[in-house]
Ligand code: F6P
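What follows is a single chain, given as structure tokens, in the form predicted alone.
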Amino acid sequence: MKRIGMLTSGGDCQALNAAMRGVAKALFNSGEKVEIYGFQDGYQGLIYGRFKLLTYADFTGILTKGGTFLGTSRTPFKTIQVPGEDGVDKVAAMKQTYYKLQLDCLVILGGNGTHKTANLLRTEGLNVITLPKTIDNDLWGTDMTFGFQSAVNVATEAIDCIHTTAASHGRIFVVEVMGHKVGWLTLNAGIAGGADIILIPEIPYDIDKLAKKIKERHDGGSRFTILAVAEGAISKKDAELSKKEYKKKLSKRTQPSVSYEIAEELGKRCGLEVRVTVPGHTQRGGSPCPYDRVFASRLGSEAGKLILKNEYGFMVGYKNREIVKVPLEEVAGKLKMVDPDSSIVKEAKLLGISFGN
């Protein structure tokens, strides 16, 4: 008998259900007797013992559904070892639930913060297997995370739709794409959507260079300009500030986000009409694209195989077009950033895309 716990933690994304289905189907079809316990609302379910025994039927018909049927929540790693307002020792509570149910393994689906906590549980003696979920594609140790390609599709469609109205009115449009710390989503959606300017956190921008690029396009006969801007984009001046100074400046921000600040400044410099569009959480919603359905299913199936072989302490990742197992300690606490000198950035520049630097 294998007793498996499963939870989804952090922000939701497309293909979480597909990944869990992949794990469950691999286990149920193995011929070995299996019990799968689904924890509700991420680590909160593990902490407070909110779970239900899942059956084969629970994993039927969910391949194409977005979100997570288990529910999710954010449980920040920085406070995971600090008792909550109710005085609960979160780590001790999670261990207690694990041992009470006599689990052989925890399957945890999540992003960076989730993996830090998963690795902590590993060091506490629990058997853990993780799956790389995030639309940001910023997890170390894997070339791809599920949810990313679906989010690229949504963000690209938003940029596509902006093209027609921008061209009709001769406007500058700033499309704000999700991504506080890394720019993979903005970079890929920007290229796919034909953005003229792409701004990502890894490449600080110069507002005057952005204005120059727009004026050059306008003088060359282009009626419009589209900027794909990551929500974590930062100017060169702000990048020179200390973390403390920058946080203080952000606390005094009068505009809703950096995109509105950029729009205001470009309006002054270029004398043209500037509009901001924020697709927001639509990028995390909806059905997973076919790529993510296949990808998440493969990852889940491999996770099931590792469980059957009693191989724990790994994230199931993707390297050089192959599914691989990566030690959790190599993943936790690391971000996969966009290298400003990477080939994809250089190729984008050859296409005429400006990064404002």
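So that there is no doubt, residue numbering starts at 1 and follows the sequence shown. It should be emphasised that the depicted structure is a prediction, and the values quoted were computed from it without experimental measurement.
Same protein, other form: the form predicted in complex with the ligand, not shown, and the subject of what follows.
Determine whether any heavy atom of I172 comes within 4.5 Å of a heavy atom of the ligand in the predicted complex, and answer yes or no. Looking in the predicted complex, residue contacts with the ligand do not include I172, since no heavy atom lies within 4.5 Å.
Would you check, heavy atoms only and a 4.5 Å threshold, whether G110 touches the ligand in the predicted complex? No - in the predicted complex, heavy atoms of G110 and the ligand never come within 4.5 Å of each other.
Since only the chain is shown here, I'm wondering whether L106 would be in contact with the ligand in the predicted complex (any heavy atom pair within 4.5 Å). Close contact is absent here: in the predicted complex, L106 is far from the ligand, nothing within 4.5 Å, heavy atoms only.
Just to confirm, K116 within 4.5 Å of the ligand in the predicted complex by heavy atoms? Residue-level check for K116: no, no contact with the ligand.
Here the chain is shown alone; which of E231, E261, D196, E202 has a heavy atom within 4.5 Å of the ligand in the predicted complex? The option sitting close enough to the partner is E231.
Which residue among K237, R269, H180, R223 has a heavy atom within 4.5 angstroms of the ligand in the predicted complex? Flagged contact: H180.
Based on heavy atom distances of at most 4.5 Å to the ligand in the predicted complex, which listed stretch, 279-287, 211-219, 237-245, 124-132, is the contact stretch? Of the stretches listed, the one contacting the partner is 279-287.
Do any residues of 55-82 have a non-hydrogen atom within 4.5 angstroms of the ligand in the predicted complex? If so, which ones, in sequence order? The stretch touches the partner through R74 alone.
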